[in-house]
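A single chain comes next, written as C-alpha cells; it is the form predicted on its own.
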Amino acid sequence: MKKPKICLIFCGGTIGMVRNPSTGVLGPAQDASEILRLFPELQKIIQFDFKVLVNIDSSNMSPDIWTQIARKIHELYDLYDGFVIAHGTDTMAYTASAISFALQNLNKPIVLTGSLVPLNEIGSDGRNNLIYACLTATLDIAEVCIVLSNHIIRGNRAKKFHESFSALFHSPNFPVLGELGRPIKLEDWRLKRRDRKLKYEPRFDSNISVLKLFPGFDPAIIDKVLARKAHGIILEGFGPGNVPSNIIMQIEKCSKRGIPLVLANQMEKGITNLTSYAVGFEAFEAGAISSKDMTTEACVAKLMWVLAQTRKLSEVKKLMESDLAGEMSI
C-alpha cells in the first residue's frame, strides 16, 4: 500500500527545534532526518518531506509570513496528500485563520501543531502532538485545523485557552472535528476530501486597529485611529456587542469615510447580536458590521484578508458577514 506523502513546514516555535549535541543550544531542524530519527514509527506509514520556511518566535508572526506560508503550500499543493505546519502556540490561531482565507476550497488537510516542550526533551508534549498532526494530515479532512493533544479543531474557530498539555487550545463556538483515539473519531460536520478548485488569494492588509471597550472609554481613541488612516477597525463591545451612546457619532464617521467598523464582543463563548438591545441597534444603524460568532483571531485575519480584496464598504460588509471558510455560524 502506498504511503501518504506529507510535507512538514517549519515556521518556528518549540516543536520543530532540536538540541545541538555540541553546544546544547536549541535550534530548528535543518532536514527531515533530524526530526524523523525521533519518530521511527511514523516512517513506517508516512513519507515525509521537511521544509524550513522561517524560524521565529510566534510573537513575531506577521501577515507577510502568512502570505509566505500560503505561497509555499500553493507551490507544493499537488505534490502532497496533506500538510503539517510546525508553529509556536501564541499566534497559532491567527495563522490558522489566515491560511483558511488565503487557501479556500481545500481538498486536503493543512494541520498546525506546536508544543510547550521541545521534541527531544523529557516530558515533551511535542512528540504526541506531531504524531497526531501527521496522522490527521492523512485523514479524510479538507480544511485548516489545529491538532494539539488528541483533539482536531477547526483552525479558524480555535483559541489558545490554557498553558497546559491537555487544554492548550479549545473551540468555544464550534464542536471539535474529531478525536485521535482508539478508534479515531471524525465528526460528520468536518469538510471532507472532494474534488474542488482551490481558491488562492494570499494577500492581507494589516492596516487595521483592534480596540476593546471599557467603562470610561474615550471616543477620541477612535478619532485617533481614523487620523492615522486605518483601513478598518474591530471594536470589542460589551455583552452581545453593545456600545455606549457617546461613540455612535464615531461609528457614523467611520461609515461616512468608508472605513469598516466591525463590532465584536468580549465573551469567549459569545455571539455578536446588534438587535438585542437599543445600544447595540444604534451601532447597527450607524453602520457597524457584526462579527457574529467569530473569534477575535478569525475576525482579525478575515478583515485583513477582505481589505486586501476590496476597500468598497458595501462589499467589505457583505464578505465580513458571510461564512467564507467555516469561521462563522449561519
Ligand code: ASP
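Please read these numbers as outputs of a predicted model, since none were measured by experiment. The first residue of the shown sequence is 1; numbering continues from there.
We do not show the form predicted together with this ligand, though everything after this point is about it.
Q: Report yes if any heavy atom of residue 89 sits within 4.5 Å of a heavy atom of this ligand in the predicted bound form; otherwise report no.
A: Within the cut-off, so yes.
Q: Is the gap between residue 17 and this ligand in the predicted bound form 4.5 Å or less for some heavy atom pair?
A: Output for residue 17 is yes: heavy atoms within 4.5 Å of this ligand.
Q: Indicate whether this ligand has at least one heavy atom within 4.5 Å of a heavy atom of residue 268 in the predicted bound form.
A: Residue-level check for residue 268: no, no contact with this ligand.
Q: My question is simply whether residue 64 lines the interface with this ligand in the predicted bound form - judged by any non-hydrogen atom within 4.5 Å.
A: No - in the predicted bound form, heavy atoms of residue 64 and this ligand never come within 4.5 Å of each other.
Q: Pick from 54-62, 268-276, 38-46, 285-293: which stretch has non-hydrogen atoms within 4.5 Å of this ligand in the predicted bound form?
A: Single hit among the candidates: 54-62.
Q: Taking this ligand in the predicted bound form, which residues of 246-282 have any heavy atom within 4.5 Å of it?
A: Sequence-ordered list is empty.
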